[in-house]
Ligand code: F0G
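Shown below, as structure tokens, is a lone chain in the form predicted on its own; questions about how it binds or moves come after it.
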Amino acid sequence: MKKEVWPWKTIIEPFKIKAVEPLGFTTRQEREHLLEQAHYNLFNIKAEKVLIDMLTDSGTGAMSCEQWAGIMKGDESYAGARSYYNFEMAVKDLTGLEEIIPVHQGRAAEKILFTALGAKGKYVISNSHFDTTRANVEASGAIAMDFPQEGALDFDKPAPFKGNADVKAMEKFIKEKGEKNVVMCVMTVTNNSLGGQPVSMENLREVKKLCDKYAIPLFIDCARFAENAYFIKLREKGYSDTPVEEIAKEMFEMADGAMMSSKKDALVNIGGFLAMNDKTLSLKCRQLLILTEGFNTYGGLAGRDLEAIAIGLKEVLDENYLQYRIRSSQYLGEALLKKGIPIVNPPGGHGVYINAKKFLPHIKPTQFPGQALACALYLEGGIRTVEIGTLMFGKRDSKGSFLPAPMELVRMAMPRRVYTQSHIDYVIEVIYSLAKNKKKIKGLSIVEAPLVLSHFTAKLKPL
């Protein structure tokens, strides 16, 4: 049956609020002190001192009454727990893949997969690797290569599927390096690094065709698969009347495997999985799972977590929820565009990304404009965000100094089912206020930074 189109201009939250928790109100003077104590790294700010937390949408959402009820039914048996088989059935039904491996979160799936792949000196290609994916590829000795579609870095110009891969560039690279030296293709849906932008079904098909041609396995990083499927329904010809669940399953038909941080579109606070059909690779992954995460039927998770994931994978395909979810990001993005604040346009599925390079042109990339803007947002209004720029993705020279990344973004991620419209109106008001005095924002310099995933623990200071 065709879903009735919502006839009203106002998109309402498709839920009622049953439990609440207090927000972290602070004064500007407190926040100045807290930033200094945290060495200008927002990961070091205590959550109780954050008013609106948009650092990430990973594991920060609110679970439903059905999920909480499922938690009470969780089977905590070490081996063969009922909750595992509910989880396994839900993942198989969604992905169509046979080998289902639970892990405690997405980066554990990445670590196990790329370690088991054993591809030292070889290449993993992608539309765009996110931070932990790239780090785990490189930690295994392989080399992560990104092939975003042409124009993806033109943040001002809207396009329906800016998360797509450049298939021609991928094929050229495969031919140059030799197909035996390209061991995997990872398609990230939606494309987090470049603004939460969706990937079209057509592009997925083209990438799958390319991978089949050169016998390269295609894995989908499906943390935000439902948001991507809903964008396909909204934007891709021939899908407007197709249920989102069918679109999602069609996406997974392209995959030889998938990995998921369930902390996103499974609507839970912890968990993830690896799924594939390759039994040989699966056996290697399961051996690593037992070594590092836990037995095959719990993988580092409690039975209650597995139960909540099984329920969340179904709930996330509710089109009323997805309509509200996508509209929430659009609402914030449209308000910022209205005032000339540069963002990745159009707004993505799980948040809005401010183009810090354009917003703060007086700050050089080597002075971390994205991080400077993120700190300024916290100072101005207690809003915590995350930099996606030189601190996160900048390469290091032989002396350890950061080289500029291709983008300088600040991601305002939207936790699922957490904030209301008035919270977002407050965020808009704070950004408007900050924009009036943006020339006063100063760059930052590094005091201390590790070589791997620097942005999590780096210490900085104002210039």
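When you see a residue number, it is the position in the sequence shown, counting from 1. Just so it is clear, the structure is predicted and the values come from calculations on it, not from any experiment.
The discussion below concerns the form predicted in complex with the ligand, not included here.
Checked against the ligand in the predicted bound form, the candidates Glu387, Glu293, Glu227, Asp221 yield a single residue with a heavy atom inside 4.5 Å, and that residue is Asp221. For the options Arg325, Lys357, Lys162, Lys263, the one in contact with the ligand in the predicted bound form, meaning a heavy atom within 4.5 Å, is Lys263. Each of Phe130, Asn192 and Arg411 is positioned with at least one heavy atom within 4.5 Å of the ligand in the predicted bound form. For Gln105, a non-hydrogen atom is located within 4.5 Å of the ligand in the predicted bound form, even though that partner is not displayed. Among heavy atoms of Glu110, some come within 4.5 Å of the ligand in the predicted bound form. For the chain shown alone, Thr95 is not a contact residue for the ligand in the predicted bound form, no non-hydrogen atom being within 4.5 angstroms. The ligand in the predicted bound form comes within 4.5 Å of no heavy atom belonging to Ser126. The stretch that touches the ligand in the predicted bound form, counting heavy atoms within 4.5 Å, is 49-57, out of 63-71, 401-409, 433-441, 49-57.
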